[in-house]
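In the structure tokens that follow, a single protein chain appears in two forms: structure 1, then structure 2.
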Structure 1
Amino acid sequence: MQIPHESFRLAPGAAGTLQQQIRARVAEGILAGRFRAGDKMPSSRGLAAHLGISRITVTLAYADLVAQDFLTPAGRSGYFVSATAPQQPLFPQAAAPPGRQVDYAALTDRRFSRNARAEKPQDWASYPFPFIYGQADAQLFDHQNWRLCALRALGRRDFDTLTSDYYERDDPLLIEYILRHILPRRGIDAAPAEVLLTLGAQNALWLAAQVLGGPGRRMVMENPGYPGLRAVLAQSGGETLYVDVDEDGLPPDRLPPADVVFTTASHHCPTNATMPLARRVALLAAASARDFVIVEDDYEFEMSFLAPAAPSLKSLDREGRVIYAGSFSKSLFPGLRLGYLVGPEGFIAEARALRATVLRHPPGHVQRTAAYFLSLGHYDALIARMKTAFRRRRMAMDEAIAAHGLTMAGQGGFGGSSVWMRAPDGVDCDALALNLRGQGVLIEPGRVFFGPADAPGNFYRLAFSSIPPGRIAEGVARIAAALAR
């Protein structure tokens, strides 16, 4: 790696000669770990010109550093950080006495960080039994065709798409595919002005809550429900109300007076319950009679492999009361961070204006790569492959759960990529998860999915999107053994 000239400066009034100051700056960089073995130093001519000093001063400083084994010469190639250069001491160095520090916890009131989140270890892939939700499986993803689509998007023909600022617009090729291929699968007919691209489903929910929320607004979410939505609603300025779900999802007859209702009707998070058609119709009738808006988070509809996907609420809506949020994070990969909102033109215009205050639009090359991947048929082939794999893994999960007498709490009759589990009363699943981690098993404790008033501790979620099918039985056996203890 080439160390840039800009890494060096001479402080006015600093002690020592110019040669000594250069030696000190290089030694400090090496000892601090900023300059590493093999890094190439700036040329003596270039560094001298940058600092405005004589070249011989730099040359002499480099010679001293070679003598001290900080640098090593390589003929005409220049000077490099020595592989045997002194290293930073391993013992902790005394810190300088701190000055008066700002108390940011008090200043910010921790109004964002105090919201409970589902914690996932960064090194989850190193565990042999990762029952972790939402991660992509490298064995299933179509790396080759995604790479080809990315190269095509980076080509000269798409230069304007790659480099231009769309201001508040989105890639028309991706919007067209969503309108003609993705939304019709959910029975949704929309115009370009009724679709807005987002940075994933989380960003879509945030935009919807900000546009529809505010002081005095009553926002309803499911209990248990998506933890990320709870944090979003806390920022909306409105009042968050919780409604307990049953085996069919959100019950319309239990809704309190509300302005906006958020629901995961097709695959309830986290139980996977699918709202029956009759209940969907009843929810829309309640919205019309009581004048509230519904935000439908349809984050996993592509994973309906046990039975056909039920009609989306948006497809049944005749009054423009449903805002539909979709995502490619589960069907492609979470790092893509690409989702979309579908709603009446007036709502989308307001959400687009809000998005422009935070970000103009998702990156153009990401949009165009996804557009090519979808339009060339690779997406449909990937979805078919994932459904086959997930069906096999779900069968392995069902067999292992039944064999060990564990209790499945969620319905999950249409598919998805996880199962919702209930441990015996009195079991603390946070402690259970910590215990299992030491045995190479990762599970998700369920407490974070419930409202803060009364969060039971004996639920947990097991996902199978990232674990090989051959390891499922052994992983479930370890969970059962831990519960038995």
Structure 2
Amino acid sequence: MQIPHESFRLAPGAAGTLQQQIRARVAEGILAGRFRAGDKMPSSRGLAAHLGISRITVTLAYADLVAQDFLTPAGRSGYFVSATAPQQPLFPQAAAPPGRQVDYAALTDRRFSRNARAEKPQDWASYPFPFIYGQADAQLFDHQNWRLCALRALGRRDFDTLTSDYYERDDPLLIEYILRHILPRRGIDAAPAEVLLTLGAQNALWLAAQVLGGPGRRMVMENPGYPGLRAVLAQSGGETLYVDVDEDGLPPDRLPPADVVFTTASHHCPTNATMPLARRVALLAAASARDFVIVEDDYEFEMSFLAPAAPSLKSLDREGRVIYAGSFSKSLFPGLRLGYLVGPEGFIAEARALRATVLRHPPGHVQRTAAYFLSLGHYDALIARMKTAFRRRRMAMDEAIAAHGLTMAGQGGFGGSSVWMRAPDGVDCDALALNLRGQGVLIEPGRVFFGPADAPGNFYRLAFSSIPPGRIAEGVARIAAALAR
């Protein structure tokens, strides 16, 4: 690449002659890996003009660098970074600059990073048996039609959609599709002012918790429950209360006094339990009687291949008590970062204003591409294909798990993309996962799903959304063998 002359400046009060300063700056850049073999230096004339110094000073500095093999001259073409220039590793930790440094750990109390946890390995796709949750399967995704829709959304006619700052607004095409085609499947009727696009379900939950939370507010989450929600609630300023779920999900009669209750009613995370209708009605009655609001995370309703998806809680809501969060991360792909909130207009107006301050809006191109993919029917076709594939994988899971006598703790009567497993008492699934990783098997230890008190160590989750069906039997066999040891 051409190294821009702006890379060079003469620091006020720097030590050494001008020639030495230029020489040092070039050598530093090469050693730190910012300038690389073959990169072209600014012309001596251009650099001299930029720095307001004599051209001969630059020429002498360059000559010195040539002598030390940092640079190679190429006749009239100028100077290039030498192929044999001294090197150091690319982007080493920047050396601590001289002088006192601000202590950000003290300044921030590390309040955001303190509880960050290691996610699945970055190279999960290179493992032969990845029982991991929530990534897209390249074998199933309709890459071809996604490309065509993206290309259409890049066309001249969509220039404004691509480039404009929407401020607080959303793409009306995508909103209309969600209202007309997706929400009715969940029994939900809504108007445009009752829907807001978000950067995925994580962002939807965060916005809801910020709008509904605050000092003194009691926020309930399921135990076990979605780990991504814990940090969201911690940031809401309220108090987080954990309620143990049973085989039907969140039990309304065990709820403490609360202001906001977060639930994954249709497919509990991580046990996959589906809350029966009677309990849904009881939960809404409790919300009305005790005046709390419910946030329903309906993250995976599309994957109902064993039984029709139960109607959403929101579809039974008569008082505007339910805020509904949906996502395209599971049905399209998580890197899309697209989800939505549905709720009464007064709630959505707050969430919209907050989103405008925090991030404005999801990129216009992403919104429009999804709108095309959905409205051309590719989404429906994809869901149908995924359901067929997931059903097959689920059957393979059930067989392998039964054959090895492993214990399912929750399997999802509706379908889903994972099963919740219990190892024998005393097994530490963190150690189990580490052990299995060495054998090419990735599982998700269950501790992270539990609240801080008394998290049991002998649960794990096996997802089948990214593993080929032909590998399931062998993967489960390796888990069984590891457990037997």
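Model, not experiment: these values are computed from the prediction. For residue numbers, the reference is structure 1: its sequence is counted from 1. C-alpha atoms forming the largest set that superposes within 1.5 Å between two forms make up the rigid core.
- The form predicted on its own is represented by structure 1; structure 2 is the other form.
- Once you line up the core between the two structures, the Cα of Phe80 ends up 2 Å or more from where it was.
- Once the rigid core is overlaid between the two structures, Ala289 does not reach a Cα shift of 2 Å, moving by less than that.
- After superposition on the rigid core, the Cα of Val58 moves by 2 Å or more between the two structures.
- In this core superposition, Ala67 moves its Cα by 8.3 Å between the two structures.
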